[in-house]
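This document starts with one chain, in the form predicted alone, laid out as structure tokens.
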């Protein structure tokens, strides 16, 4: 079925029960006929089936992207024309905003408030890169007399982009927007749990005027589709957001063909509350830092360090506000926490909490599965605060990826910096203090790609997002991202009055 404007508008007015993959500008069923069931995790109910790609389907998508890049017109468009198409993508997304939010909530179980913010940012990503690419250019370098050198930025080629389940549409936008702005073609592999909005954003790209084959979406398993893309000789770059173990596997496999790689991986981010923190800002900000998106965020500030002189006062307020957080109907604007993505992930979260208890930790609130009225068959976990922890506990060292925070006291600045950095991860971090000198001093010593000072927010279009150490490498969401999708070609010419004869023969 061709993705005409009329067809997209027609299906946009109703929820589909089945979603095909998108290859070369067409809706395509799996060559095997296989499908995935996709769920509403808030209720534990099936909402639709999705075509499940295999290696044959993935090969078709790669070849469509390769053909579009090597022989198509997108990479040859003037940047101003690409920018106009990208702004049109954003415009269509705004016109379908309610539908996109609804589908994100249904497929991920997140609260409508969280989904609204994330779809807004997805739209802004396309607008940001539409502007950024227009001014992104090479340079003219100083050379000896008679020589002229300039650099020319060219798209890197065909890119495989592997999307996680925690921010399905926003992460798709983070990857698609800079890649197509740069002139690349892409093959998207959305998470098997949350493929719907990635398919929708692909369809919108075509409606807006992105040529056939430039954006392709193939839902399927990581073991089949992901591995095939990572090892394919016609894929020039891989961008992956997900777990650190999977990132290591991708890096190893991609090394066989020396692909460019961007990895945005796990985290165990510290949240440091100094004795001079503004309590009215630090308590709700710290609450948001761990419980936003139900704690299912790579940069969630899941290790909290509170100065001993304010520990009791801070924790009393923090626990009380945690108990006030509302879980339940994701479409209720008063809901703070949505559901956990799956029963499997809920079991993982609970296993970490139980291990902490077994190791002698104390649960101040939460610590178990919950069953909100009307959503008893969904996957829900109470927002959980754990104290009396030690650095060797699994719950302190490993990424839980749920609404669980571990809390420790600290006594001085040097001590807390050392403890904050005592992790294999280095993605996000928060600092709460009214002393600007301390804020700057500590920010420069924290081993993390993102430092939030007196603010719970980690990302806006234009701010680099990425990590140190085993949290990966490369930056997304910023102007710097464009360079990850481009080659710098150096063009050196001679214009001197006499022919060059280096050998003198």
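Remember, predicted model here, so these are calculated numbers, not experimental data. Residue numbers count along the first chain shown, from 1.
Another form exists, predicted together with ligand NAD; not displayed. Remarks below refer to it.
Student: Would 163, 249 and 298 all count as contacting ligand NAD in the model of the complex, using a 4.5 Å heavy atom cut-off?
Tutor: Every listed residue reaches ligand NAD in the model of the complex, so yes.
Student: Is there a heavy atom of residue 206 lying 4.5 Å or less from a heavy atom of ligand NAD in the model of the complex?
Tutor: Answer no; every heavy atom of residue 206 is more than 4.5 Å from ligand NAD in the model of the complex.
Student: Mark residue 230 yes when one of its heavy atoms lies within 4.5 Å of a heavy atom of ligand NAD in the model of the complex, and no otherwise.
Tutor: It does: once ligand NAD is placed as it appears in the model of the complex, residue 230 has a heavy atom within 4.5 Å of it.
Student: Heavy atom to heavy atom, is residue 241 within 4.5 Å of ligand NAD in the model of the complex?
Tutor: Residue-level check for residue 241: yes, a contact with ligand NAD.
Student: Would residue 265 count as touching ligand NAD in the model of the complex under a 4.5 Å heavy atom rule?
Tutor: Although ligand NAD is absent here, residue 265 would touch it in the model of the complex, with heavy atoms inside 4.5 Å.
Student: Based on heavy atom distances of at most 4.5 Å to ligand NAD in the model of the complex, which listed stretch, 393-401, 410-418, 93-101, 147-155, is the contact stretch?
Tutor: Of the options, only 393-401 has residues within 4.5 Å of the partner.
Student: Of these, 191, 200, 386, 119, which has a heavy atom no more than 4.5 Å from ligand NAD in the model of the complex?
Tutor: Flagged contact: 191.
Student: Just one of 289, 426, 226, 330 has a heavy atom within 4.5 Å of ligand NAD in the model of the complex. Which one?
Tutor: Looking at the other structure, the residue within range turns out to be 226.
Student: Using a 4.5 Å cut-off on heavy atoms, what residues in 436-474 are near ligand NAD in the model of the complex?
Tutor: The stretch touches the partner through 465 alone.
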